[in-house]
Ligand code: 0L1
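Only one chain comes next, encoded as structure tokens, the form predicted alone.
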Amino acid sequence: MTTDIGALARAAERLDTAQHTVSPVEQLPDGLTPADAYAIQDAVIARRLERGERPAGLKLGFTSKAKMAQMGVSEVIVGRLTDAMRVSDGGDVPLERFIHPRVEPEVAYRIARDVTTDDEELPVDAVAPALEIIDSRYRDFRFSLPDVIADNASSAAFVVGAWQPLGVDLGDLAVRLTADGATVETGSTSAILGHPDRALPALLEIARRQGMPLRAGHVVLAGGATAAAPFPPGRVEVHVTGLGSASAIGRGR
């Protein structure tokens, strides 16, 4: 690491406070390495777990060329999911909980059993359409790569549709994101690293390197299939041809 432990702890406190007070902050100081940023992320999540949240899985970020272009970064990153971030399919999302919420369509995988050091592949037993609500804690949604890693890859909430058994070829399924029935984004599952399945070894590698456990039943979000769209009041829904749909209703604002 290039930064002292005290500075990393202060950065984590700042980001955690921004999240739970819904107050944007300035970007972190220049010079942070990805290792520094993951250490800050660790500390942010530790604070949330101390408040009673439980791990629920992991998410990959920047697996879509559209998202990379939108955010001006080029590296795949990982963030944590907790049970407090889970929204039931068709459930309400209080928009006042977020600074500037955006939503993106995803493919979710379910971990079949606890992952061990002997696993050469990530054991999954089901797939589903999903939505991720992202919400950078930085002012004006502007950040560097270390900034966004530290900020838990902008993760804020997630919705998973009905789980489907493995067997569907996810390589090039049409994806449509709607808001109150109007199409706001279209794309293909091929935007996720060329095939969503390719997210799994990428996730396993990073999770092992960063010491992130994966347990039976945990959710893996493979990454956005389109650029993120603003999350307005009303129903947002992802439709994935051959896989199904998932939705949430934005309330407030």
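The numbering used is simple: start at 1 and walk along the sequence shown. Here the structure is a predicted model, which means the values were calculated and not measured.
The following text describes the form predicted in complex with this ligand, which does not appear among the structures shown.
Peer 1: Mind telling me which stretch in 108 to 116, 85 to 93, 139 to 147, 166 to 174 gets its heavy atoms within 4.5 Å of this ligand in the predicted complex?
Peer 2: Of the stretches listed, the one contacting the partner is 139 to 147.
Peer 1: Spell out, yes or no, whether the shortest heavy atom distance between Ala153 and this ligand in the predicted complex is within 4.5 Å.
Peer 2: Output for Ala153 is yes: heavy atoms within 4.5 Å of this ligand.
Peer 1: Taking the shortest heavy atom distance, is Gly61 within 4.5 Å of this ligand in the predicted complex?
Peer 2: Gly61: yes, in contact with this ligand in the predicted complex.
Peer 1: Examine Ile134 and determine whether its closest non-hydrogen atom to this ligand in the predicted complex is within 4.5 angstroms.
Peer 2: Residue-level check for Ile134: yes, a contact with this ligand.
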